[in-house]
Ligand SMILES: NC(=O)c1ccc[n+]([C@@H]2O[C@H](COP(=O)([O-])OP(=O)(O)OC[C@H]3O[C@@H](n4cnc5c(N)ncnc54)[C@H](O)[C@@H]3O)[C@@H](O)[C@H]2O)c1
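Next up is one chain by itself, shown in structure tokens, the form predicted on its own.
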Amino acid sequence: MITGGAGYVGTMLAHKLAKKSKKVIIFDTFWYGDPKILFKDCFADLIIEKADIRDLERFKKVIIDNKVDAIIHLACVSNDPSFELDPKLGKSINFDCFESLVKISKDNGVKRFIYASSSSVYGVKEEEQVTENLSLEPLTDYSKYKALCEDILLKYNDKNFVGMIVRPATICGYSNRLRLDLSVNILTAHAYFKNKITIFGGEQFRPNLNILDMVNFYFKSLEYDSYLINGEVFNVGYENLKIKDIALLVKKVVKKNFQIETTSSNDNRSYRITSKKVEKILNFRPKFTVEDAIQSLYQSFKNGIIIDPFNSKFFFNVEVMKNFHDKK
């Protein structure tokens, strides 16, 4: 079962699992899209549960009725702006229900629980390579609750309930549920549709990961030997790039004579993570690059799959959340 399976990463992961003939349950509110559109290529192969993870009875029933043996927990209010729009709502989804979800899973036959945390839990680090054993210093409520959930999951681990924590880099590339509020994606969209990129600062480092590699890692996480992953935390992110260098990669792919404008920024967060642990223990290495991600976005724009995204709230999480918040 994928909670948040209709999100940016979850949608692509569901497609991959369905193609491999896995029985896949999508547990999602579908705030961000119609499942028949998001999963048009594999809708018949999925079990769709339109539900909120805060509905604990529904969560439990789905696990029992379908004999769920593994959960990849992606569901959350993503990114700081979306969380800060309604902190109470964000906390209720990202944190308040989490321990109950873990306990229900363990008590009802789930053998493996994969938790999507975030590399933002590290905060600002001076170290050139941020490893999993460094202290967590989250700067926002979003990342603070991610860190607290990690502790909760580890508390329930045992030989019969395998818990693994994933701290991804910033994901990039095309998805059926595309997000344009991510650095690589938004720079590519601005270059193609507006012929201009504005960089705030530009010297800041950000760790990046192609969405296809993220999907591959979650897929493999269902198959790794338990003793390798139980109670473990893994950074997953390979290309640590300056924002200005991402802009240059965009220019290389898009091949348009667009303007790159640099302005000052009060956001000087700069950090690089290392994924040597996941390479050493799980032999996981990326197959795709940030440039590949830019190329996938460029082709989706060029081929008319994505048209005029800046006039649609669908591609920006905070705009969707605003719409949801206004209707409450």
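Quick caveat, the model's predicted, so the values are computed rather than measured. For every residue, the number given is its place in the sequence shown, counted from 1.
Here the subject shifts to the form predicted in complex with the ligand, a form of this protein not shown in this document.
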Does the 4.5 Å heavy atom contact test between residue 177 and the ligand in the model of the complex come out positive?
yes
Just checking whether residue 51 would be counted as a contact of the ligand in the model of the complex - the rule being heavy atoms within 4.5 angstroms.
yes
Is there a heavy atom of residue 78 lying 4.5 Å or less from a heavy atom of the ligand in the model of the complex?
yes
Taking heavy atoms only, is residue 29 within 4.5 angstroms of the ligand in the model of the complex?
yes
Which residue among 249, 186, 93, 229 has a heavy atom within 4.5 angstroms of the ligand in the model of the complex?
93
Exactly one of 117, 240, 235, 221 comes within 4.5 Å of the ligand in the model of the complex through a heavy atom, and that residue is 117
Partner-proximal stretch of 240-248, 124-132, 192-200, 141-149 relative to the ligand in the model of the complex, 4.5 angstroms, heavy atom:
141-149
Does anything in 168-185 come within 4.5 Å of the ligand in the model of the complex by heavy atoms, and if so which residues, in order?
168, 169, 170, 171, 177, 179, 182
